[in-house]
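This document starts with one chain, in the form predicted alone, laid out as structure tokens.
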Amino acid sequence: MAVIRTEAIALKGKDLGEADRLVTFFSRSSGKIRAVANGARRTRSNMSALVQPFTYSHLSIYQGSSLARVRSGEIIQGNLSLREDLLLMTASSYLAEMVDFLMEEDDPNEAVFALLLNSLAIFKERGVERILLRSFEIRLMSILGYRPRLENCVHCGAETKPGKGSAFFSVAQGGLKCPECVEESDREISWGTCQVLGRLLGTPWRQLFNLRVDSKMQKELESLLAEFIEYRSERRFKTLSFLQTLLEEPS
């Protein structure tokens, strides 16, 4: 039995009993935590604001022999704007769904916490941009050990260099292949897309928006990373299709 004091972001929640709520948080010091917030559904409860999706708080959580319980908390950023706009809410939910599914409970990861926190902050500041979504996807997968191999053939190790024609990416093996090793199942992509993938991994957040990516390359990146993530996670995230629909709608 212990009390955990940590910064945390609320990922999702569901009603429990008449007034409580079971909330999944991703915390800085303890990773993913599921905890009951007693009375959180009561209008005047101090807990009600803490359990709203994407709320960033400093929490005190009692971890007993059964379910953990939120003892108290102080909001650092309420992130209300992320819940008031449909596109912002859907994009934020997609990020939260990925973190919730891919991270195990009680498995802290400072890099994942910072990635999620920074991404939500930029959504608030700049809105939802495709390049940020792609950056989140590839950085999260890289942190978790699935960094795409872009400099050498994943099969034979030969250096892969931009040249005439297309590049070939193996979703199953997680990287580029040289012409000698290409198989029928490998994806044909442009060398420009390969270069953007590399930039997404190494470019500071504020400079991402200077990347010039045309609509054709955007679609290629989106499709490739969706297939790559689905293969590694064995899941297609529920919010992704709706998010893609919203992004296609004329503004």
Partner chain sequence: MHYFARPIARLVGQLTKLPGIGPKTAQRLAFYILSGSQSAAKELAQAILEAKEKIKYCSRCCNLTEDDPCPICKDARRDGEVLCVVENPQDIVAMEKTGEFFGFYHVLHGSISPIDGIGPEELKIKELLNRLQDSSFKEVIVATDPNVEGEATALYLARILKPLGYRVTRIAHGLPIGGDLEYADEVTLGKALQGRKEI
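Residue numbers count along the first chain shown, from 1. No experiment lies behind these values; they were computed from the predicted model shown.
One more form of this protein, predicted in complex with the partner chain, exists but is not displayed; see below.
With the partner omitted here, the stretch from 102-110, 77-85, 176-184, 143-151 that lies within 4.5 Å of the partner chain by heavy atoms in the model of the complex is 77-85. Residue contact check for residue 216: none of its heavy atoms lie within 4.5 Å of the partner chain in the model of the complex.
With a 4.5 Å cutoff on heavy atoms, residue 129 does not count as touching the partner chain in the model of the complex; it lies far away. Interface residue remark: residue 223 is not counted as part of the site for the partner chain in the model of the complex, having no heavy atom within 4.5 Å. Among heavy atoms of residue 23, none comes within 4.5 Å of the partner chain in the model of the complex. Of the residues 119, 93, 170, 160, just one reaches the partner chain in the model of the complex with a heavy atom at 4.5 Å or closer; this is 93.
With the partner omitted here, the residue from 67, 49, 208, 201 that has a non-hydrogen atom within 4.5 angstroms of the partner chain in the model of the complex is 49. Contact here is defined as any heavy atom lying within 4.5 Å of the partner chain in the model of the complex, and by that definition not a single one of 32, 63 and 236 is a contact residue. Taking a 4.5 Å heavy atom cutoff to the partner chain in the model of the complex, the contacting residues in 43-71 are 43, 44, 46, 49, 52, 53, 54.
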